[in-house]
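Here you get one chain, nothing else, as structure tokens; it is the form predicted on its own.
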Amino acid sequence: MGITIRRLLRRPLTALGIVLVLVHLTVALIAPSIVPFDPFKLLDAPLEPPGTTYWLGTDELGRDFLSRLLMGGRIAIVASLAAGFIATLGGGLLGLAMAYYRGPFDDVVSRIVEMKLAIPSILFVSLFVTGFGQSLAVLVFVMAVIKMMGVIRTVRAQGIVLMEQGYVKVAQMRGEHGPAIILREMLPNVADLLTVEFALRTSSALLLVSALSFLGLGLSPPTPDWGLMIHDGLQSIRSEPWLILAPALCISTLVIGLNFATEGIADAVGLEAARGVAGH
């Protein structure tokens, strides 16, 4: 895709972002083998302060907080990566199809996208959670739908530009069908854009999954989840502030890492317009 390691790492912030993301991914992968206690087990020591036995203390139910913190990252990362991938791939293909076919198909999908963008994300999630429950699959799906809307509009605009390129017209003259042209000719030429979109949507999905858990619309207890841990820690914010600060620090460092890495990727592929839209 034309992205070289040298170009990605030419700025310190990009290198820092990549390191932060890699650290979080590594911890998430090895978490089951390094947790000191079962994250679901009640240890008969509620709200124990940090010490030699429980490094980050225990929560209000007596569960080891460090173990839950390490395992909570797996849920957040898996959900945000899956939602970002589905949103990027699905939105990319839909956007290219809209640019290729135009006409009624483009109009219908554009109106659906506009309708979705007019609905607040929290209300949209609430409707799905009420109807289908608070499972990981439902959470990933609803976040992917939310994040897909921006991808569709961005890729559609780029697809319209590609439709004027000679290689697309030559493929049409050869008699190739629309799906083949979209997959073989157009999709490879938006790969750099989709790479940036994936990083952007994953970062914003991570914030969304944490916010939903905090509001009670994410995963159900007792699943370890950073947003849910912050919500539960509010009850003891004055006496045990680490119950909020630790998961908040994990969320912020991962989001900062993703944003710094995305900035470097956007710079490497020359997509200046992609900067600064991580919250869209």
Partner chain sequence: MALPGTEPLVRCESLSIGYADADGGLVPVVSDVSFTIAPGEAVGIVGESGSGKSTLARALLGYRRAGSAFLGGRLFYRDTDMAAATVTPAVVALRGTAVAMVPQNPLASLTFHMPVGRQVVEVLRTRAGLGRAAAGDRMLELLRRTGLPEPTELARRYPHQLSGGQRQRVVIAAALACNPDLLVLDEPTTALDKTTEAQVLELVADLRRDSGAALVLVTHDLNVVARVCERVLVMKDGRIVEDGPVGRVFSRPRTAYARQLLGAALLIDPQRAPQARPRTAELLSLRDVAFSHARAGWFGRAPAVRRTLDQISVDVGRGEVLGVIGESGSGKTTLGLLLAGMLTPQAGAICFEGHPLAPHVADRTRDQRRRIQMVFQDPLSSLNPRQTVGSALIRPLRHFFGLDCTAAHERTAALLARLGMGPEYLDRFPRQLSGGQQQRVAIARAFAAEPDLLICDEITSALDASVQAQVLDHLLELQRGSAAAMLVITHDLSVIWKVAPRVIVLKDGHIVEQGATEAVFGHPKDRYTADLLESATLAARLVATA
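Numbering follows the first chain given and starts at 1. Keep in mind that what you see is a predicted model, and the values were worked out from it rather than measured.
Another form, the form predicted together with the partner chain, is not on view; read the next lines as being about it.
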(message) Since only the chain is shown here, I'm wondering whether residue 135 would be in contact with the partner chain in the model of the complex (any heavy atom pair within 4.5 Å).
(response) no
(message) Using a 4.5 angstroms cut-off on non-hydrogen atoms, would residue 188 count as touching the partner chain in the model of the complex?
(response) yes
(request) Determine whether any heavy atom of residue 170 comes within 4.5 Å of a heavy atom of the partner chain in the model of the complex, and answer yes or no. (result) yes
(message) residue 78 versus the partner chain, in the model of the complex: is there a non-hydrogen atom within 4.5 Å?
(response) no
(message) At 4.5 Å, heavy atom to heavy atom, what parts of 175-192 sit next to the partner chain in the model of the complex? List them in sequence order, or say none.
(response) 175, 176, 184, 185, 188, 189, 192
